[in-house]
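This text opens with one protein chain seen in two forms, each one given by itself as structure tokens under the names structure 1 and structure 2.
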Structure 1
């Protein structure tokens, strides 16, 4: 069964190339021929191994996307296990690091974000998988981790919205690279990513920061 190393099977090659193309261009902009050409196999392979194009797309989420989500989550929890989450800051930092410089390569992170963003804009059958098996449990995980550090009066809804806000930044700085790069005039290199992580952590903890003491009004 497992042939992960060396020579990936046709099925495996199809999944990998399909993920890249679907993420970059979207489902409808990618043709089956494009995928099979990239995977170096016959046109009919997609139908043989997956039934049809849509099932291949969903399988990309079920196996590759979910695997990456698990890797990110694992990294996040390892940090917790090694006693690195004893403050609000460390939880948020762990989150930002897991998504922005975690165990995945840069290209993998981009693919991962692109795929899920497309599903969030326009949910398909794959969204159900992503939502119930990754988003929901991960959000609940983070919620329980943050709870002990938060003001006692904070409602569950407030907490969820707070976590969404952290997520929104993490996602944004992954998928809006073109805009961010152009406006900051910085390439997405490891240095800049560290800057982004620091920013997310600081903003999540203190927002825009304390107002300037002086009176700015007339």
Structure 2
């Protein structure tokens, strides 16, 4: 019997269900049996398709997490250069918009965050995938875009730390939505998101330091 192309394969089901379980409980707390039960397949399927649980975990990052990271980066690149005129403000605004306005759904955003936060706190071999394939090239991309607008003399280390500071603000406003909404007494709706993006841009431009002499201010 031919397989319906819309029906996920065993490998796809294992990846999807494993991602949900790993995100909710962490790598060490999830058993292979839990994954195969959730995916509706036999216990040997993990070894058959991935070799072992660790390889399955790493493949979750390579196949699913990295795919979402690429979508976020693409949105950032579109926003950072929109209008044909890139600036310090457009780069920071593009970063904030890529995370706060989309393109991920709430479910995707939560899975994405839970997985990488666990890796930041308790790194496994998957962290090297995240760092090498996503984090490092993304930070270098942002640094390259910002460098022409900054005053001379800022070291590479200071620039990277400044970018981390901007990232920290963007990520917090993105992933702590319930706390931010309750503390400000504002619904986390599109209008409030635009307010947050404007706040991030204003705050970040002061933190990044003055632009080159002669450049227009923000």
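Residue numbers count along the first chain shown, from 1. Computed from a prediction, not measured in an experiment: that's the story for all the values here. So that the term is clear: the rigid core is the largest set of C-alpha atoms that superpose within 1.5 Å between two forms.
Only structure 2 of the pair represents the form predicted alone.
Superposition of the core reveals a Cα shift of less than 2 Å for residue 44 between structure 1 and structure 2. Taking 2 Å as the criterion, residue 20 does not count as shifted between structure 1 and structure 2: its C-alpha moves by less than this amount when the rigid core is aligned. Comparing the forms between structure 1 and structure 2 on their rigid core, the Cα displacement of residue 102 stays under 2 Å. For residue 200, the Cα shift between structure 1 and structure 2 is 4.0 Å when the rigid core is held fixed in the overlay.
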